[in-house]
Ligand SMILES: Cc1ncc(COP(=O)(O)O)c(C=O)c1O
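Single chain ahead, written as structure tokens, the form predicted on its own.
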Amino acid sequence: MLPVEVLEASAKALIDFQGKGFGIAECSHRGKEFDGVLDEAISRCRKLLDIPESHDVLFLQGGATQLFNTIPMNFLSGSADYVVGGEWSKKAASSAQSAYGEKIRIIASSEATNFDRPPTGWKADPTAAYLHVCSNETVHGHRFAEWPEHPNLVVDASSEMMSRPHPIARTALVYAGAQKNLGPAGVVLVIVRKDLYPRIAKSVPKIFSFQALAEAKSCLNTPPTFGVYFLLEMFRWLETQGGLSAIEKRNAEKASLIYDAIDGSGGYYKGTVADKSARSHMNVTFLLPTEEATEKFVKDAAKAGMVALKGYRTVGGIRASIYNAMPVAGARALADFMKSFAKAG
């Protein structure tokens, strides 16, 4: 879900940008109009996330999946540690291992318990090239309530980016595919610490080099201009909502409404996350007593105007994604529906 105000502003700019008679998607990425968009987007992103000057802000392509490969391509020296807590961190580690083998070490995994929690009790090697984690697992519905500590922390924050304040200053690299919580598919927000650049081998093609991309201000090749503009409108909207601290409070309220409906159902609904303190505030996942009940839940919810509730294929059940744009009223409507459905069942 995306904010209506952002959709409307972006649609207007798509037709006529700043009254110039042409749309933002028709601008040259080398022209002053788009350069202004980039400058403002970077500035507002820095302000929202309190990003220090030690880090660059990039708007890239290829999805978070491409970053699974380009991160070790740029910064792997010796070995790197990966924590696997769900579908996406597993894919990140597997993708890196396919190219770099034993240099990619999985130091913790919760796969043995069907990824029902973030891994616990692990300790990363502080001398590792980097520690990679996924901060919010969309498929399995859990998160790191606090991001781990490491001298070179790399975070896939795709599904929770800007849903709360993030400790960017103590990270080496943070990346997020926009299509989860920031905008349409096609753009990846990457925040990278500049002191990592000397690690990049000369053999790394420029199009995959974070340093080369930063020096070209994300315009080494033609960027997705409309997608970047959409991010700018989202950043503006987030500011009007009171910033990330205010958004965090709203997201917590939304999540609480649905989790209370799960916990108060007398066992009719069963949350898939074993550690309640690690429950995601973006993706609420739960199971019903039978597959038949699940199918009926999805159909009846759709009739009531609530869609895209079917759980991920590897998990099943229900997944309610309550990203930033979802209003509290939407979460309350789902919670009320859940209560009445369980009572009828």
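The first residue of the shown sequence is 1; numbering continues from there. These figures come from a predicted structure and were not determined experimentally.
This protein has a second form, the form predicted together with the named molecule, left out of what is shown; the following refers to that one.
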Worksheet item: Closest heavy atom of A64 to the named molecule in the predicted bound form, within 4.5 Å or not?
Response: yes
Practice prompt. Please check if T138 has a heavy atom lying within 4.5 Å of any heavy atom of the named molecule in the predicted bound form.
Written response: yes
Fill in: is_contact(Q179, the named molecule) in the predicted bound form, heavy atom dist at most 4.5 Å
yes
Worksheet item: Can you check whether S163 is within 4.5 Å of the named molecule in the predicted bound form, heavy atom basis?
Response: no
Worksheet item: the named molecule isn't shown here, but in the predicted bound form, which of 94-102, 228-236, 78-86, 153-161 has heavy atoms within 4.5 Å of it?
Response: 153-161
